[in-house]
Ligand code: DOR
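Only one chain is given next, in structure tokens, and it is the form predicted alone.
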């Protein structure tokens, strides 16, 4: 058991890292966005956005002679910088799959100015010291704002240390815990949730209840592997966790849900939020026979009927968040038999074009898109200065061309993962420029900032 003095020292060390790890040159964070159609919460207003020292200083119909770099945004829509609360950037020990530079370059190309990284890395993010080290490495490489989830751990003092070190949540991965944790023990989960609730840290959860004795690995095809993780696994996990959560009185965020019934239950529960992904909204398991490993992820793709029900539920506002679950792997790893192919696909560069296509098809309103990709992620994870285009907010802006037609081509990804089940999809709506804290990071297909130009975030300080 840690002594009080050791825990105090850890907390002081975590706090001392705040300035050094998130410091940026604010003198270069001045820019004027001119003649954009600016999102005002309900629609668009033509005007200019002046960002000084990383924050929005003024929004007006006309701003002249500001003496700073100017972007002519005529014909472009200015949206708040997008927030992806569920990405896997892989660094440190899995950097051959992705690293903080390539992953956040992909984020910028996709219009995301803030991402929250998951803890199932090598080494896992299961202690304050490992979180601090991850923050240190990321600060040298990131192009956008990055925060970190931590692994769900059982020791209350460790949970407190992770919270003090700036963890945005504790991730409970039910199929295979990231850190030693008895996921089959309701009392262990309740204890962890109670401590998380006490320190004000949400719990994020991969809700698939694969109980002991159910072996889903001995299958001979990707279709069979999907069938071996049926919807009942999600239903069982959600029901169980909602029951435990009600006792623990902790905020729980349910990741990458695939069922309308899950969204309905979570919407009816206090302190609960839900998340869906573009691939579960737009793809069904019928493509597994042809795309195989390119479309293999967990939870797996569902039936066309289930997919359509999830999409309709999302379009009517039943879910809280859309996240990419950007989970890159090396192609040489993916292109194997189902028992060896790791689940996961890249998604940072495809999420916004796919959702803007729904907007252009008049299936999704732009206000709902902003709610699911900006407003709600910021509210749920305490990013108070993000997701707003107003005076005093952080200067995170994405300029989009709603008319531009493109085709998804994974060979051009900034991510190291050059594959996608969406290859060949035709989209309408594209990112023109991504501005992070007043600095242009991405413009018309190119990264134009240097590595380390982004910031590392701490929960409770943004």
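Computed from a predicted structure; not experimentally measured. Positions refer to the first chain, counted from 1.
Not pictured, yet referred to below: the form predicted together with the named molecule.
inquiry  = Within 4.5 Å, heavy atoms only, one stretch in 285-293, 308-316, 322-330, 362-370 touches the named molecule in the predicted complex. Which?
reply    = Contact-bearing stretch, as computed: 322-330.
ask   = Is there a heavy atom of residue 230 lying 4.5 Å or less from a heavy atom of the named molecule in the predicted complex?
value = Contact with the named molecule, no.
task = Could you confirm whether residue 378 comes within 4.5 Å of the named molecule in the predicted complex, counting heavy atoms only?
result = No - in the predicted complex, heavy atoms of residue 378 and the named molecule never come within 4.5 Å of each other.
Partner proximity in the predicted complex: residue 298 to the named molecule, non-hydrogen atom cutoff 4.5 Å = Within the cut-off, so yes.
message = Although the partner isn't part of this model, could you tell me whether residue 90 comes within 4.5 Å of the named molecule in the predicted complex, counting any heavy atom of the residue?
response = Judged by the heavy-atom cut-off of 4.5 Å, residue 90 is in contact with the named molecule in the predicted complex.
key: Proximity to the named molecule in the predicted complex, single hit among 258, 120, 272, 102 (heavy atom within 4.5 Å)   = Looking at the other structure, the residue within range turns out to be 120.
key: Residue (of 124, 75, 382, 343) lying close to the named molecule in the predicted complex, criterion heavy atoms within 4.5 Å   = Residue within 4.5 Å of the partner: 343.
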